[in-house]
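A lone chain, given as structure tokens: the form predicted alone.
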């Protein structure tokens, strides 16, 4: 099985205000896949459709080679889920919540769960509804990992947690992945957090996928280039013709650069040999600047919205 998640042509509509439009994505087995998007992009809706919690309009979903929703019980038996909001009965005590969840999972690892409960300092006699936000976040991750899943689907698992709790939760997750080789699909808008842990990235905006690729390819191919004496011919576009020459890359943005008395471009699909392209349009590349994932994310969103408008 080469892919843990495969989605093809997924569509969904909620009234007149929101829809998912032909969403397709592929999560390779053993990868940590960061599912990025601004608030309201449709990330949680996509997660719920993956897990069979909502009914799609069209499209196909497969989890661990199981068709959804036809083979949903088999898929969920080996899938751990951390929702955006806690899903445990608030009246249960922590120890009761652990026993309750253990009853539904034949792969439940009680020894590991007890060890992580001590590590996370979760009081067994405390009611779930009285846990702090950080304690609740730890409990949700513990419950997902203790069932020993092959696939983890996490929806904003560290949103709102303080840095210490966030570190503890992510350390437990990465230790588990290192021990088992499990696949992780993590939805978040915390770009810097995902940059440190993910090897694949998908970007969703307004219900549409606008990028999907290995993170090193995405970051390595999106650059800011500063130009002196550039040829000025209109606005940036996905395919630009300058002096009759088609650019060998996608131009995401193009603005005046007062530092060079020229222009600053953000381009996608860049390789160093492309510098020679600018000789054909009467410009000189002054420097090429690497971008972090958050800058790449913002540029992709801006470009996608401009193309749509």
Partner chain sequence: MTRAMTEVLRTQWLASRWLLVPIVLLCIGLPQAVVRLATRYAGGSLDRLNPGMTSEIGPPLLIGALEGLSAIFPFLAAITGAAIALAAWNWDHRTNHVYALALPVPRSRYALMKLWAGALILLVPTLAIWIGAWLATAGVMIPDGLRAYPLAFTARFLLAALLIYATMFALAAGTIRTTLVIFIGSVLLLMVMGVGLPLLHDHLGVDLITPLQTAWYTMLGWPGPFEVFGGSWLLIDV
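Treat the numbers as computed from the prediction; the structure is a model and nothing was measured. Positions refer to the first chain, counted from 1.
Just so it is clear, the following notes concern the form predicted together with the partner chain, a form of the same protein that is not shown.
The stretch among 52-60, 268-276, 249-257, 24-32 whose residues place heavy atoms within 4.5 Å of the partner chain in the model of the complex is 52-60. Interface residue remark: residue 100 is counted as part of the site for the partner chain in the model of the complex, having a heavy atom within 4.5 Å. Of the heavy atoms in residue 81, some are within 4.5 Å of the partner chain in the model of the complex. Among heavy atoms of residue 48, some come within 4.5 Å of the partner chain in the model of the complex. Remark: residue 199 does not count among the residues lining the partner chain in the model of the complex, judged by a heavy atom distance of 4.5 Å or less. Residue in contact with the partner chain in the model of the complex (any heavy atom within 4.5 Å), chosen from 124, 221, 214, 90: 90.
The single contact residue among 76, 113, 191, 182, judged by any heavy atom lying within 4.5 Å of the partner chain in the model of the complex, is 76.
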